[in-house]
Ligand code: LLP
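Only one chain comes next, encoded as structure tokens, the form predicted alone.
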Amino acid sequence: MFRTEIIEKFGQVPTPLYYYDLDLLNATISRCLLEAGRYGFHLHYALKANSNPKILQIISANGMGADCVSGNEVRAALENGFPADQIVFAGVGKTDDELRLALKHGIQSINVESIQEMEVINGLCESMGLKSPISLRLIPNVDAHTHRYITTGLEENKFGILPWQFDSVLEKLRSLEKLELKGLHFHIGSQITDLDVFKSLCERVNEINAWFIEQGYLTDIINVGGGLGVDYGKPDKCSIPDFESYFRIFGDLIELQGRQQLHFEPGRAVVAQCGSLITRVLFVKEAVNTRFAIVDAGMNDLIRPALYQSYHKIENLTSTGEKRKYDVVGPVCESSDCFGKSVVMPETLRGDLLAIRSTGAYGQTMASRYNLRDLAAELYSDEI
């Protein structure tokens, strides 16, 4: 992935920085659209994975819609080429100002998560003289078998409407004249690598869809969210996820009725592998039972290992020495500021450049200025 001229360029610019392989990004988007297109599926890219403007412009130019979870994400989608009628807005805690923004621009759907939210949107529509399409975010109670922090489809999660509330939701909907039920929305979690989980989701979606149809509500849209995982261990060998198998499951198992269309919200699967966090070794420090490679990137630049105990492959780009083990850590004043333990790399010295791979999703977009550290810069493959 990293040609000699790319590594040389890293040596000329300040680190840490996010490097984006745009050829891989375009190849991933093309494969995703190809496999989804075999079934006529509709895609909304999840901005929370990466909201870098250049990345967004490439994705929107390829014809995907947008899945947003804040007012600023809605605004970013609009500013970076996503048509309003292809934008969906989800989230368990939308403010009135965020809802007004979505209503003003006439987005495709607001995905509502409670009766109270329905009432608030209806009131805002009355004051603005509008009518709003909505989708109901429903809890299918399907275990995604992923990290507990990124599981969203169980009854104990904060997201969505519980099955025992469905009757009450429809009763309330009949009295809210400014709302139009457009879809049913499901999302069970992120970084799902067991594809059988999606088979269970299909079964549950079919049951819930059939129930709503029995109640007289045949919606235009069934939105099954996202969640397809990526291979963090083999970023080069498995650089593009298995979209073919993923979409085939839904093509084979989802039972659409009448005019219904199936929508997806891929995020991580589209952008994770195209990004790497490039960092420079500041010091190598011997300690009890370990050896630290202290780098200039910190948990403020990439929080996933500290927050989720996630694995990212780490490579030394500038050394070919004898292999040794290192704990790769950052400068932030937290012991959790660690990118990897017992990482096997060629002998690593001050000034070496390391690549922390598969950071295109939930890397730059989750960065902060903790310890008053500067945000990492970015570099794109088309600039080299």
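All values derive from a computational prediction rather than experimental measurement. Throughout, we count residues from 1 along the sequence that is shown.
There is also a form predicted in complex with this ligand; it is not shown, and the following applies to it.
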property: Segment assignment from 276-284, 95-103, 248-256, 187-195: heavy atom within 4.5 Å of this ligand in the predicted complex; result: 187-195
property: Full three-residue contact with this ligand in the predicted complex, heavy atom 4.5 Å, for Pro16, Asp301 and Arg357; result: no
property: Position in contact with this ligand when the complex is considered in the predicted complex, options Pro140, Gly160, Pro241, Gly267, heavy atoms within 4.5 Å; result: Gly267
property: Contact test in the predicted complex: Met366 vs this ligand, heavy atoms, 4.5 Å; result: yes
property: Residue contact check: Tyr20 to this ligand in the predicted complex, 4.5 Å heavy atom; result: no
property: Close approach of Gly226 to this ligand in the predicted complex, 4.5 Å, heavy atom; result: yes
property: Contact of Tyr308 with this ligand in the predicted complex (heavy atom, 4.5 Å); result: yes
property: Residues in 319-354 close to this ligand in the predicted complex, defined by a heavy atom within 4.5 Å, in order; result: none
